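Next up is one chain by itself, shown in structure tokens, the form predicted on its own.
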Amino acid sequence: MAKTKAYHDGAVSGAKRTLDTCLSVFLGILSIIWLYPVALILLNSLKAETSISTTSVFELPIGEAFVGLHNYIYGITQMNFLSAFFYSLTITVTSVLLILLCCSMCGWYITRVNSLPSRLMYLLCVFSMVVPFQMVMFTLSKTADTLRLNNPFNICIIYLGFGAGLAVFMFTGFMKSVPIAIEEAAMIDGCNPLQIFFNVVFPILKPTMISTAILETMWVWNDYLLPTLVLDIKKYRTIPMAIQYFRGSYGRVEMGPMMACIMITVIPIIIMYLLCQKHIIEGVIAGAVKG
């Protein structure tokens, strides 16, 4: 009987190891597929313009095709990189901070005030995630002009509206797992609602706060359509908007500088994601599964 059990346990562990190996190989291949476009852009950003257009884009940048950092220097100079970087950074930082502050308070209110208006507010926030952007893009430009939201310092209000759905959903899901006894104890000690939120609730929200911040940052930083519709493109250009100006007349595209600028745009987000990916997974699980 003991031998039979040991044989069964060995077979199960062997099958589990085989499954884990197959899963690792599959995920490894999937990772290579995801990284392949980034590697392709990096290789071509080091090539001369003529080499990209006359030879295969899959060839390595060797010999006369290799121009080093020339495309990066040319791209930064032509697209006025410092100005575009300032506008992108301003929009991203202000938008993400506003989303985190307003949506965390909203999620806390919805969870703790269990009333019909709060439930309707939650349903509206969740419903906003499934509304296509194309449905509102035509009226959005006129509304932004009327309300003076068509500049890099006020566009964060528009991003708050579009980013609130996901953020409120995650904060509400996480708050359902937080015991209310902690807040009641703070209330007994004499804290008002604002003190309870910022001194008690806010530190507890750290995992979801970090994951939401990273997801929203990747969205706002890489967004092209919304700034193009709202901002005055002659005065304000974010990095994604500036990259598009490497497209010349008659369909000509300066591929080398464009790919160099794409790499400059992508690298900060990749580094940020790699450093914080653990917090993303923890926050998403905490906000979407609990409660």
Partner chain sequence: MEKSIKKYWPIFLLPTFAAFAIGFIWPFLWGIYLSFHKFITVSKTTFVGLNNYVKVFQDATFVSAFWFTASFTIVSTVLINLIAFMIALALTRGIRGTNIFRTVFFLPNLIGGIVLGYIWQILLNGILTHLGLPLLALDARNGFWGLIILMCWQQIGYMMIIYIAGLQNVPSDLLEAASIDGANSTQTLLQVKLPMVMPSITICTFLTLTNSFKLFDQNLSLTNGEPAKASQMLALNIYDTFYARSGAQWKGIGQAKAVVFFLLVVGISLVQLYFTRRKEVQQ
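Residue numbers count along the first chain shown, from 1. We call the rigid core the largest set of C-alpha positions that still match within 1.5 Å between the two forms. Note that the coordinates shown come from a computational prediction; the quantities given were computed from them, not determined experimentally.
The same protein has a further form, the form predicted in complex with the partner chain, not shown here; the description that follows concerns it.
Peer 1: Report whether all of 90, 210 and 257 sit within 4.5 Å of the partner chain in the model of the complex, measuring from non-hydrogen atoms.
Peer 2: Spot residues vs the partner chain: no contact at all.
Peer 1: Residue 142 versus the partner chain, in the model of the complex: is there a non-hydrogen atom within 4.5 Å?
Peer 2: Contact with the partner chain, yes.
Peer 1: Does any part of residue 66 reach within 4.5 Å of the partner chain in the model of the complex? Heavy atoms only, please.
Peer 2: Outside the cut-off, so no.
Peer 1: Tell me, yes or no, whether residue 60 is in contact with the partner chain in the model of the complex, where a contact means a heavy atom of each within 4.5 Å.
Peer 2: Although the partner chain is absent here, residue 60 would stay clear of it in the model of the complex, with no heavy atoms inside 4.5 Å.
Peer 1: So, in the model of the complex, is residue 48 in contact with the partner chain at a 4.5 angstroms heavy atom limit?
Peer 2: Heavy-atom contact with the partner chain at 4.5 Å: absent for residue 48.
Peer 1: Among 169-177, 194-202, 82-90, 68-76, which stretch has residues whose heavy atoms lie within 4.5 Å of the partner chain in the model of the complex?
Peer 2: Comparing against the partner chain in the model of the complex, the contact stretch is 194-202.
Peer 1: Hey, which residues along 127-141 are within 4.5 angstroms of the partner chain in the model of the complex, non-hydrogen atoms only?
Peer 2: The stretch touches the partner through 127, 128, 129, 130, 131, 132, 134, 135, 136, 137, 138, 139, 140, 141.
Peer 1: Core aligned, does the CA of residue 237 move at least 2 Å between this form and the one not shown?
Peer 2: No, because once the rigid core is superposed, the C-alpha of residue 237 moves less than 2 Å between this form and the one not shown.
Peer 1: On a core-based superposition, does residue 226 travel 2 Å or more at its Cα between this form and the one not shown?
Peer 2: The answer is no, as the C-alpha of residue 226 shifts between this form and the one not shown by less than 2 Å after core alignment.
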